[in-house]
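Just one chain follows, in the form predicted on its own, and it is written as structure tokens.
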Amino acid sequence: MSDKKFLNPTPILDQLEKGPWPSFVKGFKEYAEKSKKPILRGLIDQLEYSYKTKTGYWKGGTVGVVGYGSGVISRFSMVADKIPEAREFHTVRVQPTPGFHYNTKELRKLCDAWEEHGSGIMTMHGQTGNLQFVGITEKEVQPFFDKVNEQGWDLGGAGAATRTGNSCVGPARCEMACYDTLETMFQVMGHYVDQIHRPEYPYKMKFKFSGCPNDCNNSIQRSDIATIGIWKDKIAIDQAEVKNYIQKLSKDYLVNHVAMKCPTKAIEFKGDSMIIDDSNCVRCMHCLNVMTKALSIGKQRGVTLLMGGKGHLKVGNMLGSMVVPFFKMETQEDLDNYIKLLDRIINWWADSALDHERIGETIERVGMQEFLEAAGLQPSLDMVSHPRDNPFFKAEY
């Protein structure tokens, strides 16, 4: 079979290559022609058929490796009789390193194993943060896992399990980090490793770790429990550097692009000095991001916990709600206490949730008060999103 005839005609998909933007179709076709993998030809043929019939044809099932109940997402074709090369197109999730630190030697080993056993298509990284190896048949799943496991890699989560965690680069390369995101992720994911591999929850549970309120991981939108670095004391101001910024950018520029953009109007410029009303600071990070040489995070550092972030499904998208304003995270004892708190929270959710109900949905259904009592947390004014809209309540005397 010649190179030109390896792929079958796809007149509908061809239209997607003609627009002004880069097309995923072009990339798939180029790689399929280069690799000559029938599984990729089947994938493209089924996608063409889906566009033609306006119907999706992938269904789930059961595929796994010995000793694991999750980590492999099964995809079987419902039109295997028409497109046998697309009969199976499973995905293997692999737990990434904290902060996504890799070296080229280890990545090359992973790629070589995937080229041998799978389609060669990878995503770095999925919404959960996985290294995702997309497109493999059932008979090749175990050999692929055995090979990468020998290299020191482990499966990530799938199904009603603790999902793969991820963290920002943290103190390894960021002066804004308020705690060690890398060590925290390593210990938390190690603590819940059994729940990653063997689903036992009502539904999925995602952890993400961001070193500061910039939340480079999008933890607040994408994780059930978001651990965000925070500080309690004042922002440190280097007035000499403030003066340099004024001389370089002008005072009017800083007023318009820093002070006026502060959400609580907590910033003021007087002469060549900058004044911040820290009692009104909401840690939005804008001023620190603009004036990185003049401003620094405070010295009393720790984390805040937000819970309930998720995508669609039952009640639509949800952002995480703050449930712990400040938790010190300096010593191993602090980290141990943090993990104990996570255990109390997750155990309550596992006992209280309905099937396929995320923790944010459970809290919304039963009420914040019941959750706080079960978790042993004190209510805080920071948890109030708006005043009561009903002024009448029954007081107990």
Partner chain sequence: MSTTTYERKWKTVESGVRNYKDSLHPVIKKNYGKWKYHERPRPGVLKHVGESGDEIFTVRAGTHRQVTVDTVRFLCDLADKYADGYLRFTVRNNVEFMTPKWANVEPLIKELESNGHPVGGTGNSISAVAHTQGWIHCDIPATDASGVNKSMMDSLFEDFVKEEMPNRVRLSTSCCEINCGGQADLAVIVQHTRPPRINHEILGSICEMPKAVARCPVAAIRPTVVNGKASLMVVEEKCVVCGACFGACPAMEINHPEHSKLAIWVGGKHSNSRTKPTNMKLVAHGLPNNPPHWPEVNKVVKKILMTYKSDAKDWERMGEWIDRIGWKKFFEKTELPFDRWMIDSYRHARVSLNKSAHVRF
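None of these values were measured; they are calculated from a predicted model. Positions refer to the first chain, counted from 1.
If you look for the form predicted in complex with the partner chain, you will not find it shown, but the lines that follow are about it.
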{"item": "Proximity to the partner chain in the predicted bound form, single hit among 335, 47, 353, 63 (heavy atom within 4.5 Å)", "value": "47"}
{"item": "Option touching the partner chain, based on a heavy atom within 4.5 Å in the predicted bound form, out of 115, 268, 272, 252", "value": "115"}
{"item": "Residue contact check: residue 372 to the partner chain in the predicted bound form, 4.5 Å heavy atom", "value": "yes"}
{"item": "In the predicted bound form, residue 379 touching the partner chain (heavy atom, 4.5 Å)", "value": "yes"}
{"item": "Residue 34: touches the partner chain in the predicted bound form, heavy atom cutoff 4.5 angstroms", "value": "yes"}
{"item": "Close approach of residue 91 to the partner chain in the predicted bound form, 4.5 Å, heavy atom", "value": "yes"}
{"item": "Three-residue site 158, 225 and 331 fully in contact with the partner chain in the predicted bound form at 4.5 Å by heavy atom", "value": "no"}
{"item": "Contact set, 85-110 vs the partner chain in the predicted bound form - heavy atom within 4.5 angstroms", "value": "89, 90, 91, 95, 96, 97, 98, 99, 100, 101, 102, 103, 104, 106, 107, 108"}
